[in-house]
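Below sits a lone chain in structure tokens, taken as the form predicted alone.
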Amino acid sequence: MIKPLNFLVSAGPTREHIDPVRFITNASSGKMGFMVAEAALAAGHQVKIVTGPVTLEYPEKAEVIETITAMDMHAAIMTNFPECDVLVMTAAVCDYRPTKTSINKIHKSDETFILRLEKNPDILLSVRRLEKNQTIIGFAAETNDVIISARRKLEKKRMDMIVANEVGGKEYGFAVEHIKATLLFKNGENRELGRCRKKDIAEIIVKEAIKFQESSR
């Protein structure tokens, strides 16, 4: 039996402020990440959650690190990654942020408003520079070419496993109880799960993470 593992789980959205009252974000609720955390805790492991702004109740036994922006989340993951055994990236991190954030509310003036954006650092590519035999599992939320896009992401970011999930409809995606998922592994295997409860996917993720850790020791 493998000893208790240290899970680091990212969850929820990030916010990129335009001014004090407006921001760019996405529809992530954080449910998937929190369910992964709960599944890991139920299996007897230790958990840290790095979460963006959510309205969920925090798991009692997890250490929770609150973040807002992609840069906040990047810093928190980079700080805590060296001590973890398993990183599960479920957060929907904004790819871009405004180049400038106004300290005051921007008032209406012209008919158009141009917002310039710059790229946020990629967390998964960043942690690979620190990787020391940790298991890394990610998510790919896609609206089309789901498997192709997820496989590309898995290989580019050198993850052990990625959960490809189809979003954009009413039945699957953010802020709902089910996702349509396929597991893709670094050895080339694809395992189609179809329509599943997020709770069930979370338990599968924890079991697969344990297998990866057992095979690496």
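Note that residue numbering begins at 1 and tracks the sequence as displayed. Values in this document were obtained by computation on a predicted structure and should not be read as measured data.
What follows is about the form predicted in complex with cytidine-5'-monophosphate (C5P), which we do not show.
Scanning K186, K180, K48, K157 against cytidine-5'-monophosphate (C5P) in the predicted bound form with a 4.5 Å heavy atom cut-off leaves one residue, K157. The shortest heavy atom separation between I147 and cytidine-5'-monophosphate (C5P) in the predicted bound form exceeds 4.5 Å. Residue contact with cytidine-5'-monophosphate (C5P) in the predicted bound form: A76 places no heavy atom within 4.5 Å of it.
Not displayed here, cytidine-5'-monophosphate (C5P) is kept clear of P82 by more than 4.5 Å at the level of heavy atoms in the predicted bound form. Looking at R151, you'd find every heavy atom of it more than 4.5 angstroms from cytidine-5'-monophosphate (C5P) in the predicted bound form. Along 93-122, these residues reach a heavy atom to within 4.5 Å of cytidine-5'-monophosphate (C5P) in the predicted bound form: V93, D95, P121, D122.
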